[in-house]
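One chain comes next, on its own, written out as structure tokens in the form predicted alone.
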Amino acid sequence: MNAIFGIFLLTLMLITAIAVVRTRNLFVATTLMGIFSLLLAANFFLLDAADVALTEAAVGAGISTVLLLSALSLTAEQEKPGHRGRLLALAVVLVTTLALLHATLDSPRLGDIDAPVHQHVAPWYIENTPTAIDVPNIVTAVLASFRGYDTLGEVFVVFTAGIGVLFLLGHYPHKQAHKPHEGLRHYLIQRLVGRTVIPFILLFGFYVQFHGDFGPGGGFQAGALVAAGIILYALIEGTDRALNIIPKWLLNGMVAGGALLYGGVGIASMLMGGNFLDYSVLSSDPVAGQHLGILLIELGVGITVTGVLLSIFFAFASRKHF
């Protein structure tokens, strides 16, 4: 049954992708991209990748759609016609498609216990996680502890991307200043529905943040969910009211503070006699130290992701034509 539903979702994704390429209306293309992301998130759930599905749903179908619509407000609604390079583009797509299809022939079957990953890396994580970290969610143990360096790099990638967007959109001439976006506060139904679901979005975000070591979740997913809730509030009540709740100086502190918290945990580990990001030395009990370290670095991830996503949104919202 899952296989049939998966094929159905993949078919819908293919139809949606073709529609995105074919449409000239950028608003329609943006909406279809949000639908594509939602279908992709459902596919991830079918593949038991709940952590990735949460991120895709919150970022791909939610925040990215809002940011694309914000960018669309700064440009034309219709794509300009272009006739040059179509054959070259078609050739590149065909070659890439054939290469991907050929590569899938060597891929192991889904759930195959004889796949290389299940014979080398996965057994080691499964065997050592209960004794070394004692975290029920092995994905969290791998990303936050065993591969803490990789996750630290991802956090600084998000941090750098936020800085880049703010350099491009965060400052503009004073003559472009305008009245803040008032949102949908005068529309009763949208305001009522939005104000009803926002607390649940934020509550679920905090649950994902602090329960990520026991179930699907973590800092990346939680940061995206919390940012989505605040962005929804800004769209309903207006950016001025949203900035009264979480001002720009606080956002700037969150962007840098989360990354500094992550790195600070690593430095604290070194000062206490361990290696960088070796959480075992943070407590007299190595397992308790691992729990504390994972909690702190995941909090740092969530803070930075929330700050960056909100900073990007408000940078778009501050433009003249938003």
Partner chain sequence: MYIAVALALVLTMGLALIRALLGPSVYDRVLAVNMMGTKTVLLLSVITFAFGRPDFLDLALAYALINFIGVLAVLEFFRKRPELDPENNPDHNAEGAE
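Here the structure is a predicted model, which is why all the values come from computation and not from measurement. Numbering follows the first chain given and starts at 1.
Quick note: we don't show the form predicted together with its partner chain, though the next part is all about it.
- Contact with its partner chain in the predicted complex, defined as a heavy atom within 4.5 Å, is made by all three of Phe5, Ala53 and Gly194.
- This chain is displayed without its partner chain, yet in the predicted complex the stretch 42-50 from 292-300, 278-286, 260-268, 42-50 comes within 4.5 Å of it by heavy atoms.
- A heavy atom within 4.5 Å of its partner chain in the predicted complex is found for one listed residue only; from Ala242, Leu251, Val155, Leu232, this is Leu232.
- In the predicted complex, none of the heavy atoms of Val135 sits within 4.5 Å of a heavy atom of its partner chain.
- With a 4.5 Å cutoff on heavy atoms, Leu225 counts as touching its partner chain in the predicted complex.
- The closest heavy atom approach of Thr97 to its partner chain in the predicted complex falls outside 4.5 Å.
- The shortest heavy atom separation between Glu77 and its partner chain in the predicted complex is within 4.5 Å.
- Contacts with its partner chain in the predicted complex, taken as any heavy atom within 4.5 Å, map within 197-213 to Val197, Phe200, Ile201, Phe204, Tyr207.
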